[in-house]
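Form predicted on its own, single chain, as structure tokens, below.
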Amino acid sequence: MTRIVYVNGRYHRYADASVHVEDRGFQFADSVYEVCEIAGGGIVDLDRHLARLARSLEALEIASPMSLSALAHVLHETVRRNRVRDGLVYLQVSRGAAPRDFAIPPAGTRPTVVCLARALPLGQADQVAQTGIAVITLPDIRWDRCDIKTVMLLPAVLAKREAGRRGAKEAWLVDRDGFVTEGASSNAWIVTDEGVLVTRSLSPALLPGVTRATLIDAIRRERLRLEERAFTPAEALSAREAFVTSATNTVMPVVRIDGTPIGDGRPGPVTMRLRRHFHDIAPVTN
């Protein structure tokens, strides 16, 4: 469990950590965040996560609370103080606290920074990957700037709830044109009958996943064929394999979509090969 939480320059016991009641992250979702995998006590893909955080802050014109190297120190120190070897570390930056008003508060308002780390059972995701997960498809009801990693996650929460009700672990969101954008908390992939890996090209419609980017590095190293383009649920149902990528799951096989088996209904060889080799290429910083 989480023992120590960083809040605005200080490390607090979990039970004592708090932010202002008028923090804009709480009242307006005026806040961005990152979740990083912890492996062997180190942080996976840290530079890419920090670069994405910087892009999100810039897009919302939230002042960076400190340098990226200082944020990296906060992340590492939070991991160390919580004695996490394998798990996740969460960093959130809001525009700060100010009297509730839709107007952006004046320059100089201090951003709120929160960081926590939590251990996850070693090998738990690997056990899930042995059988794979089910996903459902739902209409994508989110706003048009999903490339910014904000805490405005209510559509994802509702999609996850519906997935759970229907015996699935994830929901793939489908846009008005009938194409899959991404998962509620992951990027979506298929492997065609020709062995081509397909994932949607980056745009404001989806998050530029860090794990997605690192997996593309692995795909190129393995000399596999890649197409970055949109695909429909129907194409996914006829695919040889399917999977999702995220920081907490790396590469997770999808074996059913809307109740229909994908391929032979078991994790596919290409997916499992990429899962096995992901950490061979993903950088880990200590």
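Just count from 1 along the sequence shown to find any residue number. Everything numeric here is computed off the predicted structure, so don't read it as measured data.
One more form of this protein, predicted together with a small molecule, exists but is not displayed; see below.
At a distance of at most 4.5 angstroms from the small molecule in the predicted complex, none of the three residues Asp30, Leu91 and Ser94 contributes a non-hydrogen atom. Judged by heavy atoms within 4.5 Å of the small molecule in the predicted complex, the contact stretch among the candidates 218 to 226, 65 to 73, 46 to 54, 254 to 262 is 46 to 54. A residue is said to contact a partner when one of its heavy atoms sits within 4.5 Å of a partner heavy atom; Val210 meets this definition for the small molecule in the predicted complex. Remark: Asp140 does not count among the residues lining the small molecule in the predicted complex, judged by a heavy atom distance of 4.5 Å or less.
Among heavy atoms of Thr112, none comes within 4.5 Å of the small molecule in the predicted complex.
Although the partner is absent here, Ser185 is a contact residue: one of its heavy atoms lies within 4.5 angstroms of the small molecule in the predicted complex.
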